[in-house]
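A lone chain, given as structure tokens: the form predicted on its own.
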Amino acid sequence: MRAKTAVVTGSATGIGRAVALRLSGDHNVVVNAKSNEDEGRRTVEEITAAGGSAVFIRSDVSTQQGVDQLFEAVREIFGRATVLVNNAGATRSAPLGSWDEAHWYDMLATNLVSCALTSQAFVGQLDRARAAIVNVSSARGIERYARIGVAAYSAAKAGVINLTGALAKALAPQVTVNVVSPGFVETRYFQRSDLTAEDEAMIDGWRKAVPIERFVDPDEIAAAVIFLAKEPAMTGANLVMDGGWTLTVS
């Protein structure tokens, strides 16, 4: 068992999984997901096979009950965590004219409320330990890059950026709080078997619009997260990891 513990929400797949694997080199890692238990346990198996220490905790961190379950398990298994990565989130499209309460509440709870509740619980269990929070937002959360088709998601991710600043000011100097805002990331979402030829052509167009001519790899986002978690001189920063995509959007 490692001396330090990190909690990574939404870490069964994608960016969260890449972050969990990187942190496992010198941390006990708590892998968390709302529903993807099989993938979460595979992530734990990969960490432990490499000599690391990890557990999977299934809980919905968009609810207080789920957050309480998560940190009760952390306390029982590892005692206390000093790194929190708020990666839990999801995006769903809804064009203007089809919005309803359920869609907006779902996007806000999944992407923003989860970040707030989990951060509060994390700070509450710290005592006087130095610690770090890294939130995962999106380039869509930056005002000029929001898109109406994912307005609820964009608004929630903008809230994550704002929340990061508020927490950074409130928790300094004990806790550093930073945010990473990815652009397009090469995840399974873009490799689905149900993609049509039209979908694939659209995705290819998006790739070509990125100056580095590819999407960012989840492990590259993970490297940025690790840097922010370990750098004591940075707090309140928003690190945009998008391969230069925001340079091309007017």
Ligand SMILES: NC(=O)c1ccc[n+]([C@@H]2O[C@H](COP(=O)([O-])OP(=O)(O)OC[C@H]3O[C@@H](n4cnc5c(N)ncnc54)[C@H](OP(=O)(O)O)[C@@H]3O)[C@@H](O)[C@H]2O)c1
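Residue indices: 1-based, along the sequence shown. What you are looking at is a predicted structure, and each value in this text was computed from that prediction instead of being measured.
Note that the form predicted in complex with this ligand isn't included here; everything after this is about it.
Although the partner is absent here, G52 is not a contact residue: none of its heavy atoms lies within 4.5 angstroms of this ligand in the predicted bound form. Put simply, T110 is close to this ligand in the predicted bound form: some heavy atom of it is within 4.5 Å. In the predicted bound form, this ligand stays beyond 4.5 Å of every heavy atom belonging to W206. In the predicted bound form, this ligand sits within 4.5 Å of a heavy atom of N36. Here the chain stands alone, but in the predicted bound form its contact with this ligand, taken as any heavy atom within 4.5 Å, falls in 131-139 among 171-179, 131-139, 97-105, 74-82. Residues of 31-62 placing a heavy atom within 4.5 Å of this ligand in the predicted bound form, in sequence order: N32, A33, K34, S35, N36, S59, D60, V61, S62.
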